[in-house]
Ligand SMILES: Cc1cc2nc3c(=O)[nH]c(=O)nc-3n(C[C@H](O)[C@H](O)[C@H](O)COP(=O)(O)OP(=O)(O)OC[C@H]3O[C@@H](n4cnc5c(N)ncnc54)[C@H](O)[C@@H]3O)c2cc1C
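Next up is one chain by itself, shown in structure tokens, the form predicted alone.
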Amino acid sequence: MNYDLIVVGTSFASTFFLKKYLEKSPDSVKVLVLERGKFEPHAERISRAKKMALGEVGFISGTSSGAYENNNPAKPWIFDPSFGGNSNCWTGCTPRFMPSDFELKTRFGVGIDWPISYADLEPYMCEAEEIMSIAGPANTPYPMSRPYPLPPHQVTAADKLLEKRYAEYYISQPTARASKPGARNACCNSSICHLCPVSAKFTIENGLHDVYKDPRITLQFETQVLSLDVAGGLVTGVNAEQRGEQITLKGSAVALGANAIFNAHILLNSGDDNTHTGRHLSEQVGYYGYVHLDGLDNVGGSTIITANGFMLYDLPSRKDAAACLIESHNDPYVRSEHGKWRQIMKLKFVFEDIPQAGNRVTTSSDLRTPRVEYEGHSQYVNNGYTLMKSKIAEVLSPLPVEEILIDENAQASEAHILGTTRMSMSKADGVIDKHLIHHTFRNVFVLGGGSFPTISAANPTLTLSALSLWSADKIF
């Protein structure tokens, strides 16, 4: 069969694109969806987690181990190769990118501008927020044409003092963890968000599984796409391995919705000679910090990450130093001093990075296995970290602070894989156009966080989901 569309993957990028495509397509279209992993229902994941805790079974699925060659083992790249992808293991944080994130070159003279603006994407951010039933505040540092669907989560005692001082620049974190019962249960604040035992967090399974029940769709599991089938400069389908067998599947259009590592690898295996393909692999860089408080018991808060602070985000120094998003964490922790158990605040300082061409995905001797070469984050991050340390005492001055302790070593991963197939106005500057269509293969969409020309300090999932809605809506 020759399909109208072949979609690779079932995570956020693929599913949001597919949802919009189906809304705009006639009943006669035929869509093939290829998922490299299996479908493991949430209930089975819960059962397995219990057995793992008892030592009855080991870790079976939901791991990226062995899926790629890594030249830098200290830098893991985290993803879940199964139905729903990283929606099964994400924490559910959905702050928007700021308008400035789309115009770094124009505003601050660093990186490159996106070929679309915040205003272009804003309606699709609203749509994605409705689909995921995002809980968030009424006032935000970024403009919104529609309010969040659910009310904000409760914040902690320390958060309230910062919220009072900074208003819309310190807000209850927008999140796909439900703040009240409705389409999903309310967040239980057990801090097991990678699994979410009460199904409060949005996943493809609990939020968009019905997309795959559409009669126009054929869904095949355990099928890894290796390359595009190219004939006369036109992509006519995909080459894949399905349970050990090599197959070719024909389609009039292809949407690559694997992560940024595998989308780039598929293109490289297909003879894509764009110099940017596979380059600029990146993600945010995070550092933890702890604030010892003088007499303030920091209790309250109804979810694992209660607040986002934008006080160190759009400073004039962003021309030299990375923007910082502050997260207030509410997972279980205590201060190891008698009578001061709760007089502590746990923060995370998350920095953007300017994607570096030397961080890249390449091919290996095995068509199934990409090679990742990561040299490290840029000096821009280091400058942002130094600036944050110089300003954090002033930023936290509304609190009764005894001491501020900040990690010197960055976290190994923020579990976001970005870059490698970035958007651009022309082939000279990137891999895909503003509608996520490949500059050379004009019937191929390349979806997901790989499309980001630059990365924000904010979490990427809402933005990449909105981009998929934007792309399908503008083209079909």
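Since this is a predicted model, take the numbers as computed values, not measurements. Note that residue numbering begins at 1 and tracks the sequence as displayed.
Form predicted together with this ligand: not shown, discussed below.
- The contact residue chosen from C93, L312, L268, L208 relative to this ligand in the predicted complex is C93, the criterion being a non-hydrogen atom within 4.5 angstroms.
- For the residues E127, E163, D353, D80, the 4.5 Å heavy atom test against this ligand in the predicted complex is passed only by D80.
- Heavy atoms within 4.5 Å of this ligand in the predicted complex belong, among the stretches 404-412, 27-35, 429-437, 45-53, to residues of 27-35.
- Within this chain, A466 is remote from the site of this ligand in the predicted complex, having no heavy atom within 4.5 Å.
- Shown alone here, G384 lies farther than 4.5 Å from this ligand in the predicted complex, counting heavy atoms only.
- Of the heavy atoms in S302, none are within 4.5 Å of this ligand in the predicted complex.
- When contacts are judged by a 4.5 Å heavy atom cut-off, M388 does not count as touching this ligand in the predicted complex.
- Remark: all three candidate residues (T10, G85 and P460) come within 4.5 Å of this ligand in the predicted complex, counting heavy atoms only.
- For the stretch 207-224, the set of residues having any non-hydrogen atom within 4.5 angstroms of this ligand in the predicted complex comprises T223, Q224, in sequence order.
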